[in-house]
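The chain that follows stands alone, in the form predicted alone, written as structure tokens.
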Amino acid sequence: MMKVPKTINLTDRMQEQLPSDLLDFIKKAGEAAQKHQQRLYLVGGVVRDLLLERSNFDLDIVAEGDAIKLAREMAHLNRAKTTVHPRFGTANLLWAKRSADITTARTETYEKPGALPTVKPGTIVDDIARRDFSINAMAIELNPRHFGEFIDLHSGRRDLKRQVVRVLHDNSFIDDATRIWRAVRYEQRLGFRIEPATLKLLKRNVAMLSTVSGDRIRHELELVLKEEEPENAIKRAGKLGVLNRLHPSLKGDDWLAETFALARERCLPDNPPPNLYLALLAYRLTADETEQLISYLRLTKATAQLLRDTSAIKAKIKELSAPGLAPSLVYDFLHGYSLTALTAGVLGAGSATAAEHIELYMNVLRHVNPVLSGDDLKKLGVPEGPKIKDVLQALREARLDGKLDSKEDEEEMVRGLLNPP
């Protein structure tokens, strides 16, 4: 095997920043690898964030050898749930709210732009070389004799100090155009800048996003929407001509930034669900444009319905903006839509009155139901069939509009419906 240059030892840094249980896990993993005459490395984002002194407890581990065999051994020690992917020589371990990906070191080749890579076993040198950016192309050895030794073959540490995002080779965005979205995401998350030569390559190869499936683009967008302030990446993507590759009518502007910020205020102390951000991102699209975005990103049935619901609520904003609207009408306008779509409607309405009506529905009206049940109506003489539903609806409307206060009021109304004057 090619001799890999060593520079510094990060054992102390790992002891300071990693929880004791994760540190114990990687030490035992290194010992298990040594026993099987394998070399084991911590790689990727966790190494980057150790150097940046940022919290990152998602372990990404590479083995020069049989990663799946090693993963199963570690799973037994930690009573972890294991998911394996033999085709790629990878395994995921889940235990006690912790996770680790253990992967066989590999080399990748791309038959054509946008294609999934052809994977072959390789060395840590090969594995690092297939990474997206220099700041993600660093490793730490975990074998006992060399535990903590830092491997930096592509000047990632230098780029961390320079605060730049840099690709490893000129064809990086051609091989895999999803790296364009990742470059923007890392730049904004870390407060870095895309290195000038990399930025030139990105702009030159934006059109290569058309070589990547909508599923893979959707995955990258979902990761963006999980960021602390996703509007920063979306705004940058808009300026670089990346956002309009999702749909030409999408905008990463001040309105979006302000609305995302309002969403965070509303959802405190938790972050907004990514699907709420997505609904707001698509809010200003027409119904037809929304369908185009749904189709391109191949959204799940539930997410597609959320975007359709949001679009339908937006179409009713004019009616909902009428002052003094009867509560029963508000109920009729909004009944059946998801809470996430309704929240998007409040945030995007642009009308205080419409927002108040939606809030009224969410907080009060949707919980209003008649006291009488269908069986009660039958006892009062309402015939079975559609009439039961009609009477229940009439009772709810009367309740919503404050015309009924008790069970006795409802019974009197039913008798009046059955025996009109």
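Keep in mind the model is a prediction, meaning the values are calculated, not measured. Quick note: we count residues from 1 along the sequence shown, nothing fancier.
The following text describes the form predicted in complex with adenosine-5'-triphosphate (ATP), which does not appear among the structures shown.
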Query raised in the report: Would residue 131 sit within 4.5 Å of adenosine-5'-triphosphate (ATP) in the predicted complex, counting heavy atoms only?
Result: yes
Requested in this report: Determine whether any heavy atom of residue 296 comes within 4.5 Å of a heavy atom of adenosine-5'-triphosphate (ATP) in the predicted complex, and answer yes or no.
Outcome: no
Requested in this report: Find out whether any non-hydrogen atom of residue 353 is located within 4.5 angstroms of adenosine-5'-triphosphate (ATP) in the predicted complex, and reply yes or no.
Outcome: no
Query raised in the report: Quick one: is residue 182 in contact with adenosine-5'-triphosphate (ATP) in the predicted complex, heavy atoms, 4.5 Å cut-off?
Result: yes
Query raised in the report: Taking 229, 239 and 348 as the candidate spot, are all three within 4.5 angstroms of adenosine-5'-triphosphate (ATP) in the predicted complex by heavy atoms?
Result: no
Query raised in the report: Looking at 375-383, 360-368, 64-72, 40-48, which one sits within 4.5 Å of adenosine-5'-triphosphate (ATP) in the predicted complex if you count heavy atoms only?
Result: 40-48
Report task. Answer with one of 275, 290, 136, 104: the residue that has a non-hydrogen atom within 4.5 Å of adenosine-5'-triphosphate (ATP) in the predicted complex. Result -> 136
Report summary line: Partner-free chain; cross-checking adenosine-5'-triphosphate (ATP) in the predicted complex, the single residue of 157, 308, 189, 251 with a heavy atom within 4.5 Å is 189
Query raised in the report: Quick one: which residues from 65-93 get a non-hydrogen atom within 4.5 Å of adenosine-5'-triphosphate (ATP) in the predicted complex?
Result: none
